[in-house]
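In structure tokens, the next block holds one chain alone, the form predicted on its own.
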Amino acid sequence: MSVLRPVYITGTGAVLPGDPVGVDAMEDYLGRVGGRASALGRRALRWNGIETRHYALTPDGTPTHTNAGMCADAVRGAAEAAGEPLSRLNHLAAATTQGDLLVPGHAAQVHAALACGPLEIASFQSVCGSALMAAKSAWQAVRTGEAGTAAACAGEHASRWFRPHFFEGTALIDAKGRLAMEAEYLRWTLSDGAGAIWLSPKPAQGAVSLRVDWIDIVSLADRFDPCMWAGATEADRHDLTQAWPFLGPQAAFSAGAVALQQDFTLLKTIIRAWIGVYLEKVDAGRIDPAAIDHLLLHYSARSLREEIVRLLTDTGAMIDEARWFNPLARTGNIGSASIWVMLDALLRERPPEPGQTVLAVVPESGRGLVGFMHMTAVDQNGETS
């Protein structure tokens, strides 16, 4: 029986395409549905607290990057930060909500963009939680000795799905020319970018590394209808026989079944389910709120953070807000890429000291999922002090 090895994050990379786009210019990039300014946009921005974000396209809709290309650049950045050549990479795990193509998988596209020689790949398609699915694949590959070095990346090119032509001429536009809130709100919530981590069985020399202690992922999909989805109408999202492949692309588009949508009523219920899973981890001793030095909690909006803080405070399982770190206001919500962009920013702006702990928590509204990743900062010898 092989002995499991410790695994360390020795480098991170992040890609935020283009210049930061402020609130006054966001609709210039997204475009105006029916030529009209959004009635919901300003309100959505007040809810989510996003001040700037990044788009991988120009105001006329011309793409400046691909999802796979951004992920490849993030992996290159992580390799450089780790002081490792890409030729050392044995396992590449890639995550996204929506890749550049329906087929093949996202990891194949990222590998092609890297052009780094043969290696093992794994693709993970979900929503925000897919980042931790990819991380677990990469972590286990190194931990078991199947791979000497691995990288996990995640990327999103959400803006291309929010241009006016995705909605105009569909059932998502009402008689007054207004876009349904289930689709409109996400246009003002999601951003573009990519992030990556580099995993090794040895800590980095001359720098602090993060030992990956454990990764837990809990799906609640057997309890909920889709909460964030694309490929079906709101009414038929629970019936896979009514999904877009059965309707055909033209009929699905006309019905508004292609667009990305969110059920906000269901989201309020799922938030409580996320907290329930967290509380189970606390009760089982898996998580000690008092022992967490840095909390990286992914959330899509400032209003969601406020609700989570209230619930955690009421249950006595709150992690001191002074220990929270999230650059959402300046980077925007980048879906699956958010947690690695967040971790990269933490290491640059508030680097943990040996012995300090980092807990990454990634809730996903897709059909109800929450993931946890616990890390401990170590020195070049793998020591915590």
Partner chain sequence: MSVHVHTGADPARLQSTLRKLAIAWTGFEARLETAPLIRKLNRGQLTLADYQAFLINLRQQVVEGACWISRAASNISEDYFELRSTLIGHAATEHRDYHLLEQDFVAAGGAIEDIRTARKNVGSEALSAWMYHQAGRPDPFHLLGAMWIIEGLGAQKASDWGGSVLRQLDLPQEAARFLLYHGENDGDHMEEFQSMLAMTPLDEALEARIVRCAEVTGRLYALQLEEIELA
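Residue numbers count along the first chain shown, from 1. Everything numeric here is computed off the predicted structure, so don't read it as measured data.
Omitted here: the form predicted together with its partner chain. The next part is about that form.
Trainee: Is it the case that Glu306, even though its partner is missing from this view, gets within 4.5 Å of its partner chain in the model of the complex, heavy atoms only?
Mentor: No, Glu306 sits far enough from its partner chain in the model of the complex that none of its heavy atoms falls within 4.5 Å.
Trainee: Can you tell me whether Leu279 touches its partner chain? I mean in the model of the complex, with a 4.5 angstroms heavy atom cut-off.
Mentor: Output for Leu279 is yes: heavy atoms within 4.5 Å of its partner chain.
Trainee: Classify Gln205 as contacting or not contacting its partner chain in the model of the complex by the rule of any non-hydrogen atom within 4.5 angstroms, answering yes or no.
Mentor: No, Gln205 sits far enough from its partner chain in the model of the complex that none of its heavy atoms falls within 4.5 Å.
Trainee: Please tell me whether any heavy atom belonging to Thr144 falls inside 4.5 Å of a heavy atom of its partner chain, as the geometry stands in the model of the complex.
Mentor: Thr144 lies outside the contact set for its partner chain.
Trainee: Can we say Leu296, Arg350 and Glu353 each have a non-hydrogen atom within 4.5 Å of its partner chain in the model of the complex?
Mentor: Per the other structure, none of Leu296, Arg350 and Glu353 touch its partner chain.
Trainee: So which of 153 to 161, 252 to 260, 281 to 289, 99 to 107 is the stretch with heavy atoms within 4.5 Å of its partner chain in the model of the complex?
Mentor: Only one stretch qualifies here: 281 to 289.
Trainee: In the model of the complex, which of the listed residues (Ala230, Leu86, Leu311, Ala171) lies with a heavy atom within 4.5 Å of its partner chain?
Mentor: Looking at Ala230, Leu86, Leu311, Ala171 one by one, just Leu311 meets the 4.5 Å heavy-atom criterion.
Trainee: Using a 4.5 Å heavy atom cutoff, which residues in 239 to 275 contact its partner chain in the model of the complex? It's fine if the answer is none.
Mentor: Contacting residues: Thr265, Leu266, Lys268, Thr269, Arg272, Ala273.
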